[in-house]
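Take a look at this single chain, the form predicted on its own, given in structure tokens.
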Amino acid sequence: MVEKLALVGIGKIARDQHLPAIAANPDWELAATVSRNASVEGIENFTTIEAMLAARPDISTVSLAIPPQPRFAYAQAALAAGKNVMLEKPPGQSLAEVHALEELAREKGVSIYATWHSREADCVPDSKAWLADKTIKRLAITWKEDVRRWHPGQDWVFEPGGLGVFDPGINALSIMTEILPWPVHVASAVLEFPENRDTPIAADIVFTNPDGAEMTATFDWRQEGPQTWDIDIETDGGRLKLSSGGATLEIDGQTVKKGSDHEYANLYKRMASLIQSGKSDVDLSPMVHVSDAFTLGKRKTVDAFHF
């Protein structure tokens, strides 16, 4: 059965990832969009989700590709109307918001999916399998990119609820929580806040873990030139390196796999499966680490940032 879907938010991520993934999947029909400032040619557009829900009762699923700050109200409206809901990462501004949405979905008997697109990178399953029987000695995440390239002029990322550098950093955390053979938690953090901004532009995190391994993460939004999305893991059975956000896998310095970009295609495939089975998927472990980093983090003020 083809599910009719409404895509909320027609910005860069929607055009680059969501729209191609929906178009390529026979389980989905893009039936409507919701955006105040943009539209998709040939698709009915609404400026509010309330108008869309009232006019299109035939739509079964709503995918939210909007910033986290307004997302709760949109998701709540869709769930209350009996629609399945797909949440772009991070799934909300806070853990409590997402718990409330999950409970509402349960009450309404619909599916909700908190997506983590980086978990769908091609080399993530291979890394998880390779690590399963090994003792980890050291893990170092280095996630450095240029905020001006990926969020040009988007002040919402530096506003409360926007997460700052954890907007990309949570991608690394979603991979880490997927591939490790045991759970970890934040032990300490240092968060660098520009003097004119409300969320951090950089962060250094230390984790504690059952093996007593040295585990750190460094996030930075000020890197120009080549971008860095790496996870290095030293074990008793060799060294693993995931690079390019999980698309390339090296073992002991040798490239063993270079994957293709199927992340969002996999997300929409998973959403269709959840609906067909009447299930939900709301794993908040990456977001727990972000929340703990804000709770435990020492604040450091750095130079002002301007787009």
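It should be emphasised that the depicted structure is a prediction, and the values quoted were computed from it without experimental measurement. Residue numbers here begin at 1 and follow the sequence given.
The protein also exists as the form predicted in complex with a small molecule; that form is not presented, and the subsequent description refers to it.
Looking at the small molecule in the predicted complex, residues 12, 38 and 71 each place a heavy atom within 4.5 Å of it.
Although the partner is absent here, residue 264 sits close enough that one of its heavy atoms falls within 4.5 Å of the small molecule in the predicted complex.
In the predicted complex, residue 259 stays away from the small molecule, with no heavy atom inside 4.5 Å. The closest non-hydrogen atom of residue 120 lies beyond 4.5 Å of the small molecule in the predicted complex.
Within this chain, residue 151 lines the site of the small molecule in the predicted complex, having a heavy atom no more than 4.5 Å away.
Partner contact region in the predicted complex: 85-93, out of 103-111, 85-93, 135-143, 226-234, criterion any non-hydrogen atom within 4.5 Å of the small molecule. Of the candidates 32, 49, 65, 240, 65 is the one whose heavy atoms come within 4.5 Å of the small molecule in the predicted complex; the others do not.
Shown without its partner, this chain lists 207, 156, 130, 193 as candidates; in the predicted complex, only 156 has a non-hydrogen atom within 4.5 angstroms of the small molecule.
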